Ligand SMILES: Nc1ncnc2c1ncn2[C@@H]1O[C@H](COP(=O)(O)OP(=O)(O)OP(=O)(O)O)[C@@H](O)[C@H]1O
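Given as C-alpha cells, the chain that follows is alone and in the form predicted alone.
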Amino acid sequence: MRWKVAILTASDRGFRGEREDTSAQVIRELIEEEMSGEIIEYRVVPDEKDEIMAALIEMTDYFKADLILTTGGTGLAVRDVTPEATLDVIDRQAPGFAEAMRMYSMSKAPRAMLSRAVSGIRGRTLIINLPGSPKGVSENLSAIMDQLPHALGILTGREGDHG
C-alpha cells in the first residue's frame, strides 16, 4: 500500500514564477524513494494565510492525502505564516515531528532554532511543516522519515498503536 502524499509550497517568489521550487523536488524524491509514497497533489501558493489554509483543506478533505508536507513560510519574517495557517486547519497537534526536526537540525546549524514549523492532524491526514531550503527539507525529513510509515499506519487505521 502506497501512502498518498501532497506537497504544498508557500512562496511569494515561487508563486510568481521567479524561483524554481527545488525544495518540493527534494520532498518528491525522498518520499518516492524512501517511503514508496505517491505524490497525489502539488501546489505553490503565495505566503498568504487564507490561501495556505484553503490548499491544506482541499488536500485533506478532497484529495484525501495521508500526508501533507509543506515547504516554506516557517521562519521569522513577517510574511512567514505557514505555521499559523496549519494550526488553524488541524484538529490536533502532533508536536513530536517538529520537535525532532528542530533538535536534529540544530545539531547541524544553530539557526534551526528560528524555525516555527508545526505538525498536526486534520481528520486522518498528517500535516508537517518543513523549511523552505532544499538542504533544510532534506535534513528535516531525514530526522523523521523512519517514523512516518508507522505514524501514518496508526492515523489511517492500517495498523495498531503498538508495532
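This structure is a prediction, so every number in the text was calculated from the model and none was measured. The first residue of the shown sequence is 1; numbering continues from there.
Below, we refer to the form predicted in complex with the named molecule, which is not included among the displayed structures.
- For the named molecule in the predicted complex, the listed stretch (90-98, 132-140, 52-60, 33-41) containing residues with heavy atoms inside 4.5 Å is 132-140.
- In the predicted complex, the named molecule sits within 4.5 Å of a heavy atom of Glu20.
- In the predicted complex, the named molecule lies within 4.5 Å of some heavy atom of Gly14.
- In the predicted complex, just one residue of 32-49 lies within 4.5 Å of the named molecule by at least one heavy atom: Asp47.
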